[in-house]
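Before any questions on binding or motion, here is one chain by itself as structure tokens, the form predicted on its own.
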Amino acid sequence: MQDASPQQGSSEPLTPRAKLAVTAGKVVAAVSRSAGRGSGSVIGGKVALRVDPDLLARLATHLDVVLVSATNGKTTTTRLIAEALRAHGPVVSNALGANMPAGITSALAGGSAAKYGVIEVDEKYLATVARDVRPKAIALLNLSRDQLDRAAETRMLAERWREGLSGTDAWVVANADDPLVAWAASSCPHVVWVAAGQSWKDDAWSCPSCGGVLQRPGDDWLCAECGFRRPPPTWALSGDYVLDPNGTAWPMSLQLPGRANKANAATSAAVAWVFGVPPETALERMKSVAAVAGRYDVVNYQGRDLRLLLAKNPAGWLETFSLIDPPPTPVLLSVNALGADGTDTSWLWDVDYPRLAGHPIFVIGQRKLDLAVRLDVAGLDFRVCEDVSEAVRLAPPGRMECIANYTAFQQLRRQVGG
């Protein structure tokens, strides 16, 4: 492969209208924060885009942009890539996960001195944002069922990616182990394939190309009907090492726990390499990341250590269960079904909750009764509580693992001071 390191985009001064849009967005965001209604990034971005609909594209003209999209892992991977690229220059990023056009616009509005833009993008908006910001690289991690009331089925999302990214000039760094991602990325002319693994396979048993049944011999996958198969990777996760295109094994020593974060780091190293950052430099910088937007934080609440873990969909819960301490460690589960979570909770029945057998389980959240029914069917012992305070009071001694979906996680952080 030839040197893929892209050149930094040329900087152009913002038009008067764009400057007005940025100012208006910042003022509205500040008012929102003062009123205690969150960071204000989304409402500020919406106002800015109303003033100048082309603002997102204008803000990105001077940046080398990386877009990161997936159902799981995009916030963490965005953070890891940002840390790696800071070895070569300042970075602007939507680090708190506001990943739709308004939130992305707000993030870029604060990055006038940056060289790189590392941007997490919601799966539905990837093609639209890519068209506006003309990224140098795009990282595609996985596709799995999530928020089916808002987003499309996974095969439809893959098709949207495939059509929207077809012919892109960007280097696409894609997970070769996810058939949906591989099919979506196979329409792109410049692809770096990473063997990042795929723990959750229940959304990828049929061929995305023809609908035939996929065969999975060993770590491979292929369709016997149309011949679509796993592309040969040039980067790979191998235990605690990342293998580069030359076959060199680079050790990882992450603070972030679990196999999924090692996979995120492998993809991040491949993205950094596209920008000329050597693997040893990229992986060394990733070691500094201990938590991401509160995820994996351990906080002391009412004299007890609570570890905060985010799990938004069946694939995320599967990875999270692999992280928790063994029984009899108490586990707190919290599920909401607000707009940001998706209002359809049918996904609860796809989660392998029997893995929690032996743990004292405590259930809170807006949909605690839905979750209680699911746990009862799974034959688990649990207790429904009004809030985290009651759960902590009733739980046996020791560190408590707290697993929550999106808005429940944010509420939990506020309540326990995370």
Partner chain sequence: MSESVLRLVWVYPDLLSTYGDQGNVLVVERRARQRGLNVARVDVRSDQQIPTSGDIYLVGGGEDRPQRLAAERLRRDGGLSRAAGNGAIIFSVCAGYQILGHEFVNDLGRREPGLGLLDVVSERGTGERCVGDVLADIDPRLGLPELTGFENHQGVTRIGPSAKPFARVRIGKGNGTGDGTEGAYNETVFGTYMHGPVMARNPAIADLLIKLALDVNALPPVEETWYEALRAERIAAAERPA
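Note that the structure is predicted; figures quoted are calculated from it, not measured. Numbering follows the first chain given and starts at 1.
Here the subject shifts to the form predicted in complex with its partner chain, a form of this protein not shown in this document.
- Contact annotation: residue 376 falls within 4.5 Å of its partner chain in the predicted complex, judged by heavy atom distances.
- By the criterion of a heavy atom within 4.5 Å, residue 208 is counted among the residues contacting its partner chain in the predicted complex.
- Interface residue remark: residue 154 is counted as part of the site for its partner chain in the predicted complex, having a heavy atom within 4.5 Å.
- In the predicted complex, its partner chain lies farther than 4.5 Å from every heavy atom of residue 357.
- Proximity to its partner chain in the predicted complex, taken as heavy atoms within 4.5 Å, picks out 210-218 from the listed stretches 298-306, 251-259, 132-140, 210-218.
- Just one of 190, 229, 86, 145 comes within 4.5 Å of its partner chain in the predicted complex, counting any heavy atom, and that one is 145.
- Of the listed positions (384, 57, 392, 47), a single one reaches within 4.5 angstroms of its partner chain by any non-hydrogen atom in the predicted complex, namely 384.
- In the predicted complex, its partner chain lies within 4.5 angstroms of at least one heavy atom of each of the following residues of 348-382: 349, 350, 366, 367, 369, 370, 372, 373, 374, 376, 377, 379, 382, in sequence order.
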